[in-house]
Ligand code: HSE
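Just the one chain here, laid out as structure tokens, in the form predicted on its own.
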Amino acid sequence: MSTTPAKQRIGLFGFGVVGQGLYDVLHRTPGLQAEVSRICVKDRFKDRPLPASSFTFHKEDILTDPHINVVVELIDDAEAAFDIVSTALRNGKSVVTANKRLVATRLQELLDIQRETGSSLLYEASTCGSIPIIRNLEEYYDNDMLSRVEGIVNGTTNYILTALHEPSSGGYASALAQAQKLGFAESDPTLDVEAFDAAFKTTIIAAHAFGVVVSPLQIVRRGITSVTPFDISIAQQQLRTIKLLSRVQLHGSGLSLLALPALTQNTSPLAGVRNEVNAVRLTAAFSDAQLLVGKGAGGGPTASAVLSDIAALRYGYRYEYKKLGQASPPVVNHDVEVAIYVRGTNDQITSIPFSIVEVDHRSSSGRYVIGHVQLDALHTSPAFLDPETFIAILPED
């Protein structure tokens, strides 16, 4: 890395909550030697707190400007973002993005472009808000042999689930509405509550932790929309707390990847992670288990991660992707046994090929089963596809 910081002239795409927060921080901290030269936005008629001369509506005004050496991409459209990011890299500009869908779905292409151009692409803000998980995986865990990375990587669902465990809970719809009011959930919360967001982040973690490039479609994914007060009460009776868990785990030469509801034991550090906070637990051969905790939803945590990447670029920092070069990378393999809780109709529950049934509870309030099943068999069962059935794994710790 370079030891002499270069003056950064930033071309910013998007001026929403994160973009405005980033602009304000940079404006108030001239010691960072970074300034926003131009901002590209889509809506010509929206009122903004800066002079009209600060903005452009044409991406080329930033992408072809030889004086702009850093592009920060903060828009929602993953396809448009890929065009911006790939063009900027090919034009010799460093890039910072917060777009987890972009990184997760186009990672191999982005890797190829970085190798071809030598330009740096950083995306700490794409995964786990203010937690520097990617930088830790790249630097601290670049040689340590990880066996598992798991955690709460979506602040929206964690806020909703925390509310549902409160005695005064008004139910799922009420918890979601409150999350939207506070800005933790979008008006269309599908990406969060159906665990697509968690799957994107799981994909990114897998690349940096285990050196495998996978599609988000390979993640065993299920959201939290089917959770009911009945499920919450059963979890509490079992001294457990429902969380949406992301997990990448090594099994010999195989790797299982999931983003699923989980009934975590109350003794687990993840059970006590509340509201919009994220937490990632890393288990390695030499450093054992470590827990990273930080806010994961809202403009502030995202802006802080973007700012960290901008600061790193001053010294020529780039991801080395050391684990992607290993001779025998693990392969995705979901032929592993998991313990699960499932609540649903008799037909849906019997569609799951349990190898062991530990609990089969039937009452006027509903039926649930706790047992063991192969993860790939669970994934292809009719119950897994049923929107009314609630399924959660039971982690051991």
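It should be emphasised that the depicted structure is a prediction, and the values quoted were computed from it without experimental measurement. When you see a residue number, it is the position in the sequence shown, counting from 1.
Only in words, not in the display: the form predicted together with the named molecule, which the text now covers.
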Quiz item: Has each of K100, D192 and G296 got a heavy atom lying within 4.5 angstroms of the named molecule in the model of the complex?
Solution: yes
Quiz item: Based on heavy atom distances of at most 4.5 Å to the named molecule in the model of the complex, which listed stretch, 150 to 158, 106 to 114, 69 to 77, 283 to 291, is the contact stretch?
Solution: 150 to 158
Practice problem: Indicate whether the named molecule has at least one heavy atom within 4.5 Å of a heavy atom of D309 in the model of the complex. | Solution: no
Quiz item: Hey, in the model of the complex, does E186 get a heavy atom within 4.5 angstroms of the named molecule?
Solution: yes
Self-check item: Residue contact check: K201 to the named molecule in the model of the complex, 4.5 Å heavy atom
Solution: yes
Quiz item: Is the gap between D197 and the named molecule in the model of the complex 4.5 Å or less for some heavy atom pair?
Solution: yes
